[in-house]
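The chain below stands alone, shown as structure tokens; this is the form predicted on its own.
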């Protein structure tokens, strides 16, 4: 690992754990270079990488700040489900179903390795009807503060979008037949069609979260457009 990668990894850790919270002004480049024991060019390269990833913002005279959390995008946005539902004109409600340590059954390909995992299941409702079953693994190695979050009042979706940055995202869309657990919580028949969004995020090379979001196929759709569309 190059020196700038080690510096970047430590800066990412501080941002993720909120040692450096959003909006915080970072020490000057030369001060950080002295702290990390590297040349200013190395420090500058690490900061440039974080700026490109949208994790810090560098402005002349205003200094360097930790960027505010927001819905990031690759091909699709990562929306806050509560906002998605209320924007449709429906009333939003949420219920935590379970919160346990572990959950390797979701990580069938072993993407999290030996990471300590938190497995959270919750249901999002629109006008009292099931809208999305959120079945999520969170790496406590990447997001240690999640261990103290009970998720009774705020969903993992909303909490992660607001609190935790990421540098890479992978999204898979597919149709499935509802299994017993999905059918129970979505008020469907076993084998009924569902629409699944599976998403994994990483922070540098560290997996952050893997989520399977399941919707009743008959009442769910996705629309995308450019900002110039009329």
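In this text, the rigid core denotes the largest set of C-alpha atoms whose superposition between the two forms falls within 1.5 Å. Numbering follows the first chain given and starts at 1. What you are looking at is a predicted structure, and each value in this text was computed from that prediction instead of being measured.
Separately, the form predicted together with the DNA exists; it is not shown, and the next lines address it.
The closest heavy atom approach of residue 173 to the DNA in the model of the complex falls outside 4.5 Å. The DNA in the model of the complex comes within 4.5 Å of a heavy atom belonging to residue 28. At a distance threshold of 4.5 angstroms between non-hydrogen atoms, residue 191 is out of contact with the DNA in the model of the complex. Heavy atoms of residue 38 reach within 4.5 Å of the DNA in the model of the complex, making it an interface residue. Look at 38-46, 194-202, 160-168, 180-188: in the model of the complex, residues with non-hydrogen atoms within 4.5 angstroms of the DNA sit in 38-46. Shown here without the DNA, the chain has 40, 41, 42, 44, 45, 58, 59, 60, 61, 62, 63, 64 in 40-66 lying with a heavy atom within 4.5 Å of that partner in the model of the complex. Relative to the superposed rigid core, the position of the CA of residue 58 differs between the shown form and the other one by 2 Å or more.
With the core held fixed, residue 48 shows a CA shift of 2 Å or greater between the shown form and the other one.
Taking 2 Å as the criterion, residue 11 counts as shifted between the shown form and the other one: its C-alpha moves by at least this amount when the rigid core is aligned.
In the model of the complex, the Cα atoms of residue 173 and residue 52 sit 3 Å or more nearer to each other than they do here.
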